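One chain comes next, on its own, written as structure tokens: the form predicted on its own.
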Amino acid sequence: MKSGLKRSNAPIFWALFGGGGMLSALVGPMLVFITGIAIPFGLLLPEGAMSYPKMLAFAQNWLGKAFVFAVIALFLWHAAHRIFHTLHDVGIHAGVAARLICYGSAFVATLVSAYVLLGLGF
């Protein structure tokens, strides 16, 4: 007997949205503080803490690469989901077109970030 429930891909997007929201709430403010306040004004961190060679070494390490990828990808998916639902809230009901633009851009940017991070080497 066939069930009356329809399969949906919404849980996948809600999981990416939730993960991105949690990460942006927990890590985002500290990233803004470190890169926007602490390093430019020389607070709390030593000189050259975020120099190009050190950041490149961080991004070439598999754990650093995973962290950078998680931050970029989950922030993108969180933003895409927020933008899509905000469009709906302000009265723009574009349907499939808005979905493709919002989630498609997050998907393409995630692929590009993975390609760039893998291109940095290990």
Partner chain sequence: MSKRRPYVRPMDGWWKKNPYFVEYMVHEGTALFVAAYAFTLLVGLVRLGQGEAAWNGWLEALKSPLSLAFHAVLLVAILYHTYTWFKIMPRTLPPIIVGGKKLAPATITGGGLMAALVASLVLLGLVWRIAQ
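Fair warning: this is a prediction, and the values are worked out from it, not measured in the lab. Numbering follows the first chain given and starts at 1.
The following text describes the form predicted together with the partner chain, which does not appear among the structures shown.
Q: Is there a non-hydrogen atom of V112 within 4.5 angstroms of a non-hydrogen atom of the partner chain in the predicted complex?
A: Judged by the heavy-atom cut-off of 4.5 Å, V112 is in contact with the partner chain in the predicted complex.
Q: May I ask you to check whether M22 falls inside a 4.5 Å heavy atom distance of the partner chain in the predicted complex?
A: Yes, M22 sits close enough to the partner chain in the predicted complex that at least one of its heavy atoms falls within 4.5 Å.
Q: My question is simply whether G95 lines the interface with the partner chain in the predicted complex - judged by any non-hydrogen atom within 4.5 Å.
A: No, G95 stays farther than 4.5 Å from the partner chain in the predicted complex.
Q: Heavy atom to heavy atom, is N61 within 4.5 Å of the partner chain in the predicted complex?
A: No - in the predicted complex, heavy atoms of N61 and the partner chain never come within 4.5 Å of each other.
Q: May I ask you to list the residues of 62-89 that have any heavy atom within 4.5 angstroms of the partner chain in the predicted complex, in sequence order?
A: Heavy-atom contacts to the partner chain in the predicted complex: F67, V68, V71, I72, F75, L76, H78, A79, R82, I83, T86, D89.
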